[in-house]
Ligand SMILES: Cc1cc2nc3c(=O)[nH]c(=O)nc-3n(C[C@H](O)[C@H](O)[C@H](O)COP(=O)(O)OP(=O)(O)OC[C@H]3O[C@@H](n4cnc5c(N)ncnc54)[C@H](O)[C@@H]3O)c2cc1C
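Shown below, as structure tokens, is a lone chain in the form predicted alone; questions about how it binds or moves come after it.
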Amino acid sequence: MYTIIERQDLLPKVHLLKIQAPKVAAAAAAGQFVILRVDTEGERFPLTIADWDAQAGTVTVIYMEIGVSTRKLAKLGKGDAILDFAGPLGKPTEIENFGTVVCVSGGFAMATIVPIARAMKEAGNRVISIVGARSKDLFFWHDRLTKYSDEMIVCTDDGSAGIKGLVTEPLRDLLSSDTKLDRVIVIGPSVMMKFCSKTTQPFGVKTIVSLNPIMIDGTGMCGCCRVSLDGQTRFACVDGPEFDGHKVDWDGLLVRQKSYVAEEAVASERCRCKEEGCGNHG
């Protein structure tokens, strides 16, 4: 069992858990993830590592309540325990002194890009961060990302903070400017990563994305997380989760992510019914 030693509610339905997991913390690196199982009746699901402290033996994850498993996780607090917490899994982000690196994040992925920005800065890179959200009320960890960024560009859909528009707009402006960009890293919703990759492709700037396909075991055995890169099959859990965004079959990925939408809706309804005691959740 893995004990939760801290919980923070960052936004409505977005939560932070700091978990006692010494072996995971000792081996964690930027870009990796863990597989959780809340209890014996729970499913396995991945969460990207947002932070870790090897000395304290803790790992921090940030997640949004979406389906049954994340709703079940959201019921836990300080002192509660998680049954399974396997990791670190996946290949770490490639970190070296590239020159100028742009870190683009959307939604609550701004938390998971922080360790990458930190590692890139520590490696001697100039780091430009672009963060996007629907409105200013949906930003968090802004101060942490700012700490590791030489330049911070904020975008909101409603214009309540920074530039009104999508993250692709300032990204395109940077690409078109005199600034030489050596690498772009994008984490966020698949559609956002797709269009960021399409934005950088004509400029020939290598673009790394962190994919989030359906995943079960996290060790390459089930094949559920397979993705197509230039027609070649790769597994996000062991070959990724980070890949060259210019090689990803985005349309195929987006279709596969919707494979169990109907089943997820049924499970959510049963969970809701069980919580509300409506008696029709068998």
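What you see is a predicted model; the values in this text were computed from it and never measured. We number the residues from 1 along the sequence you see.
The form predicted in complex with the named molecule is left out here; the points below concern that form.
Hey, with the named molecule in the model of the complex, do Val101, Leu174 and Thr200 all fall inside the 4.5 Å heavy atom range? Result no, not one residue of the spot touches the named molecule.
Segment that reaches the named molecule in the model of the complex - one of 145 to 153, 165 to 173, 105 to 113, 192 to 200, heavy atoms within 4.5 Å: Result for this chain: 105 to 113.
Would Met64 count as touching the named molecule in the model of the complex under a 4.5 Å heavy atom rule? Taking the distances in the model of the complex, the answer for Met64 is yes, it comes within 4.5 Å of the named molecule.
Any chance Arg37 has a heavy atom within 4.5 Å of the named molecule in the model of the complex? Arg37 lies outside the contact set for the named molecule.
Gln232: heavy atom within 4.5 Å of the named molecule in the model of the complex? Because no heavy atom of Gln232 falls inside 4.5 Å of the named molecule in the model of the complex, the answer is no.
Is Ala29 close to the named molecule in the model of the complex, meaning a heavy atom pair under 4.5 Å apart or at it? Looking in the model of the complex, residue contacts with the named molecule do not include Ala29, since no heavy atom lies within 4.5 Å.
Looking at Glu43, Asp244, Asp53, Asp251, which is the one with a non-hydrogen atom within 4.5 Å of the named molecule in the model of the complex? Only one listed residue qualifies here, and that residue is Glu43.
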